[in-house]
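Next up: a single chain in structure tokens, the form predicted alone.
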Amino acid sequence: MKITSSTEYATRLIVNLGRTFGAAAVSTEKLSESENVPADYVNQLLLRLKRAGLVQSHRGSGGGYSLSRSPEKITLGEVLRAVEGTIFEDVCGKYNDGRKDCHHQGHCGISPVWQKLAALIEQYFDSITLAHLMEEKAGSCGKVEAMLGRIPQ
């Protein structure tokens, strides 16, 4: 799993929209300015989020974007899938297309490890809502600490 700039920017954009949930739509220009992300990139990311049903667009003089559901009903996992397609790459699945050959298919001891790790990562991201992210303070990992226990420094 790799956290790309697209994932980071899309997450920041959708959290920004979460903070205005129930109010007027936010323009792409305002989102671009407030998150310091180029406007063209903002448009691309919002289109992916819209296709996934996470945001909706509004036309007209007060147009822009807003969340399609409340922040409590949108998970970080949904955002990651909307932007990247998957959360955790299916390591073994990339050998199923016939072009590459894994000599261990069917007899692999590591495959269950990748599958369990993928399930844990997806479960974790699916447990975090936009509301959780909006509660976090800068520099805090409250949700992480609550799930994993206090991490020694």
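The first residue of the shown sequence is 1; numbering continues from there. It should be emphasised that the depicted structure is a prediction, and the values quoted were computed from it without experimental measurement.
Beyond the structure shown, there is the form predicted together with the DNA, which is absent from this document and is the topic of what follows.
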(request) Indicate whether Gly85 is a 4.5 Å heavy atom neighbour of the DNA in the predicted complex. (result) no
(message) Taking the DNA as it sits in the predicted complex, is Arg69 in contact with it (heavy atom to heavy atom, 4.5 Å or less)?
(response) no
(message) Can you work out whether Leu47 and the DNA are in contact in the predicted complex, taking contact to mean some heavy atom pair no more than 4.5 Å apart?
(response) yes
(request) Flag Lys116 as yes or no: does it have a non-hydrogen atom within 4.5 angstroms of any non-hydrogen atom of the DNA in the predicted complex? (result) no
(request) Answer yes or no: in the predicted complex, does the DNA come within 4.5 Å of a heavy atom in every one of Tyr9, Ser57 and Gly60? (result) yes
(message) Heavy atom within 4.5 Å of the DNA in the predicted complex: which residues of 24-53 meet that condition, in order?
(response) Val26, Ser27, Thr28, Pro38, Asp40, Tyr41, Asn43, Gln44, Leu47, Lys50, Arg51
